[in-house]
Structure formats: C-alpha cells, structure tokens
Ligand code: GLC
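Take a look at this single chain in structure tokens; it is the form predicted on its own.
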Amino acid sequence: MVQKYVYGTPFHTEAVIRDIKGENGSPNYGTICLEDGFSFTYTLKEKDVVYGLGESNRGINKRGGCYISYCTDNPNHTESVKSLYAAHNFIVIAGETTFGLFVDYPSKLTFDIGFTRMDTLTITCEEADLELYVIDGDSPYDIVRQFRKIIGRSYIPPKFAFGFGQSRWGYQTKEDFRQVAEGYRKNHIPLDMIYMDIDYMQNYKDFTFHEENFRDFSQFVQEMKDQKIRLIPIIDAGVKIEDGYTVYEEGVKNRYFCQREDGSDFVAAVWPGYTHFPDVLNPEARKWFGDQYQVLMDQGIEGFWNDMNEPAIFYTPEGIEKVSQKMKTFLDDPETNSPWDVKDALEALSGSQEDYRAFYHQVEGQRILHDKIHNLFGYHMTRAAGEAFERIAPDRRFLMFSRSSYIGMHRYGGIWTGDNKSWWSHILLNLKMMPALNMCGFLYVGADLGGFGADATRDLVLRWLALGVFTPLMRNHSAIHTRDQECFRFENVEDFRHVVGVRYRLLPYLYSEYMKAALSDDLYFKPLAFVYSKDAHCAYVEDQLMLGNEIMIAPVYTQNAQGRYVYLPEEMKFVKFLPDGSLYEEILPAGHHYVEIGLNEVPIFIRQGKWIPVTDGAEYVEAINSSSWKAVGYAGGEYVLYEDDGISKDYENPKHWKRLNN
C-alpha cells in the first residue's frame, strides 16, 4: 500500500507518474517536524537494515552513514564522500517493522542513517515543501516492487547496447578510433561500440564535430558500422558562447537558457570556456534542446551519453572576481593576510553553491531558483533527448545514458556511475551500487570498467571486466594522461578475449533477464536477502548479488587474490568459464566455501534446480546465434527466453517469448 503526504508547496518533479491522493496528517512511522524546514526521525532497531539511495557511497545496507542528495561533480569517491552525481531519495527500512520512504524533494536532502546516533534515522531538508511517499508491504522486495510500479517502466535500450564498449577521453582523430577498432577486431575481442568523448567536437561545442579531424563524419560513422561498431558521442550540458554558433544564437534569441535574476543569460565555464545552460525544465527549451540531437542522428548516430549535467561548473565570472579580490588583498599586505584565504577561494570555485543560487528556470510561467530544483537538471537534460527520440524516430530504440540523474529519469535512459578510479575498492563499490540503482528504477547501469582516473593494472582490469560481464552497461573507460587500458594493450591478450567473450556467450540470458525485469517492474540485481528472506545471514552479505532468477554472482575484487570466500544460502552449482572455452562445474552444498578463481576465469553460481542457456558467443551482438544454446546448470525444467529484433518497441509481442526445455 502506498500513501502520499504533502507538505507545503512541493515542486512537481514527475518522478511518480501514478495518481495517488494525498493524505492529511503524518505517517504511522517516525516523527515529522516542520519547524525550521522538514525532518523525519525514526528509531532503528538493532537488526534493522536500510536499503536504497540508488547511486550512493558505502554499502548495500546504508546504516552508519550520512548521505546528502545533491548532484555533485566529484571524481574522488572515497568513503567519506556524502554526495555523488545522482539523487535517488528512496529507502526501505527492513526489520521487525518494514516500510519504504520516497522523499520527493529536488534540492539538498540529508539522510543521517545511524551516523550521528547509531539507533536513529533522520531525514532533513531546509524547506518543508515536498511529497513523502510511505509504502507498506510484506517484505523489502514487495515494497520495492510497489515503488517501481508508481514511478513507471525503466528505460529499454537497443540490444546492441548490451555489447561491450570501449571509451577513452583522448581519442581525437579518426585514426585514433580506427586503431581501437583494429586492435579489437585483429585480436578477435568482441566489441560493439566505441565512445566519443569531448575531443570529437569542434572547440567542445555540442552537436558539432571537428572540422579537420572528422571531415565527412557520416562516412566515418558508416565505416565503423561496416565493421559492426557503433560510435556513441558525448553531449555536455554547457552550450559554448560563440557568435556564429547556431545552437548558441538560437538559445539566446528564444530565451532558452537559464537566466540570472536580472534577466541576463547565466554564464558558467566548463570545457568550452564560458557557456550557457539550456533551461531543460522549461518544456519549450527542452524540446528545442532535444531536437538538436537530430544533427548527429542524421549522420547515422544511434546512441549518446549525456555528461557534465549536475550541472558541473568549473567557475563563473563572479567567482573569478572574488578570487581576484582575495589575491589582491593578500598581495597588498602578505604579512597580515593569510595565503590560505586565496587557496580556499580557488578550491571553492568549482561547483559553488553560490553559483547554483544565482540562476533561474522558467517553469509554467514561474521563475524558480535553480538551487531549489538542482537535482532535476540531469534528469531533464536526458528527458529532452528521450522525448526527441520519440518525435524523430518513434519506432526505434536509441542508446542513452547520463551521469547525473533523479528518480524519473530512469524512464528515459540509464546511467553510468561517473568518474571512478582504478582502485580495487571501486570494483566493490560498483558491485554494491547495482541493486540500489535497480530499486530506484535504473536497470541499464554500469561503471567505468578498469577505472576512469589513475593508472589501471592488468589484473585489476581483468577482475573488473569479470564483474562487468554481468552489468547491462559494459564499458571500459579511462581518462586522458592515464595508462592506456584497452583490452588489446596488455600481454596475453587471449585472457581478455575470453573474459569479454563470456559476456557474449551469456548475452541471450542476460538480455532476457533484463527484459523480464523491465517489463514487470522487477529487479535485475537483487541483494541475497530479497530472495532468501528467511536466512538471517543473507542480510549481511554485501559482496554477492542475485541476478535474474537463476544465478548468483560473486566476483573477486581484491588484489593478488587466488579466489574468494562465498556464502551459499542453498545448494548451488559453481560454474567457471575457463579460458579454453570449457566449463568447470561443481555442486556445492549450502554454507561457507572458499573457491579458487583465476584471473582469466569468470565464475557464476546457479541456483538449485535451475539452468541457463549459454551460446557459442560472437564478436558483436548481431552475430550471436541464440539458437545454438546449450543448457548449463541442473538438469530438467524450463527456461523462458526473451528474443526480439533488439531495436523496435513491440515489447509485449508474445512471439518474443520462447520456452526452452533442458
């Protein structure tokens, strides 16, 4: 049962699409206080587990941490970081009393989940203008399913988007892309996509391509397609201020950019230098910005990734002026004034909340301060693209994912978890985020495999790929000036060919489980406790996940490990995909086990009495022959395979379902 409580005058975020009548008073759980803003306080029992918060730091169980929903461009995801790129304000408290909460509030919101006091959950925000949804159910899983029903169907990408993709900030010319394509095809490592980071643009201008390096762009797009590789360009939030640049001039003329209080267009520096931000919360401006994607679609592009849409701000003219004044003050009298004031002012330039309080959106005839609805910008930028795709090519699916998001954006695209690092701890963080993201509606998700920042090592990339085999978005991505980490760059390339190849052998199964989850508002990844609710131990297992209805994954995420410990809630078949193409299979009883897993092996655990189809694999998605499957797991029973053309939208067509018998 879902109940809605309305406080003050909330902004309608459109996160929830089902019409739910608002209730008077307060919910049955916790204490509401409306003095000096809004707060919800609840006393946690000793064994209560708190799930949710989508893309956030720390573990599957959020107890013990403080989390701030305020979309933030911060690439250093250490344990102390409280805000990441997204804001997903849904949690489930599971214990003697079990219920869910969605706080639909698009500005800064703090979840203190046993951080200040171990037994106290406190949710606070500055203004009591919000909608609070309270969900009762039989179990945490039931509550999540109810929540998913009220927020709408998750985005469904084209089937090619389940292939492997290679990305790097620093591919600048056609030859760079050709070298990557050749490296993968020559070594027979499967590949479906190469991503185009900011250097493909002309002076970092959205919806352009470099006049010298990418002349005859449509021919180059087709050249890659002839090799069964799709190019996926990035689109950033900031529109460069430049006379003669059509997007800039149209936006200024039609007042489609966010504005300062005095009515002038807000100015912020990002990659192109000074830019304006499209007012994507204004429906007219959103349509205009979405229509710009057609420029690249007309060149043959079939997918995009939206970036820098928190929105990221490097600095503003006002911020530079403040730093200049601090510097002048220090230089005028260095003995009296502290150099730390200058340092602090410099560090405060990027992502300054003062800047977010300096511009406005036009929504339904009202001017609304950006800070009040900050968390919606990335959501509505991606919505702009999703709505444009529906207008331009309504019968086709396009690949779309974003860095910043809010619940509701899950209907228009997926997300990647942002600029992580080549750290072993970030493999585990990747794993722990997955079920929480699914709970908030985001199914097409993944992390930068191998890590974006810092230098990757061969063993880290292999271990991370072995997790990425199972994430719907499987992309190797790295930053300029870091070590090249394309799979063909390392010695013994056959190990990478095998690990990535396992993705393609499993893809008919993984795609089927994704479609089942999307079409029934279910989870693709689940915590063990959602499946084995009567096994108390499962609530504390944070490095193993259930995937679909048949398998459990337990990747290795520590350096120099020869294997790992796993907990099996029931008898399972331990299966390893070995580098010679064969399978290792062993039935293990319920309980604790140490299992050996080589760097070039991919492990899965198949639930008792179940099996999955495994194919011969291929070097790109279109070449997979799903009819060549063999059953892996337990003998007997039936598996329901979902198979469509991967591009059209007749999802409910009964012809897509095939019953396979073992």
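Start at 1 and count along the sequence shown; that's the residue number. Since we're looking at a predicted model, the values are computed, not measured.
Another form exists, predicted in complex with the named molecule; not displayed. Remarks below refer to it.
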The named molecule isn't shown here, but in the model of the complex, which of 135-143, 220-228, 254-262, 307-315 has heavy atoms within 4.5 Å of it? 307-315
Taking the named molecule in the model of the complex as the reference, which of Phe102, Trp416, Tyr293, Phe577 has a non-hydrogen atom within 4.5 Å? Trp416
Partner-contacting position among Leu399, Ile234, Leu429, Ala518 - heavy atom within 4.5 Å of the named molecule in the model of the complex: Ile234
Give a yes/no on whether His477 approaches the named molecule to within 4.5 Å in the model of the complex, heavy atoms considered. yes
Using the partner position in the model of the complex, report whether Glu242 sits within 4.5 Å of the named molecule, counting heavy atoms only. no
With heavy atoms only and a cut-off of 4.5 Å, decide whether Glu390 touches the named molecule in the model of the complex. no
Indicate whether the named molecule has at least one heavy atom within 4.5 Å of a heavy atom of Phe160 in the model of the complex. no
Using a 4.5 Å cut-off on heavy atoms, which residues of 24-52 contact the named molecule in the model of the complex? none
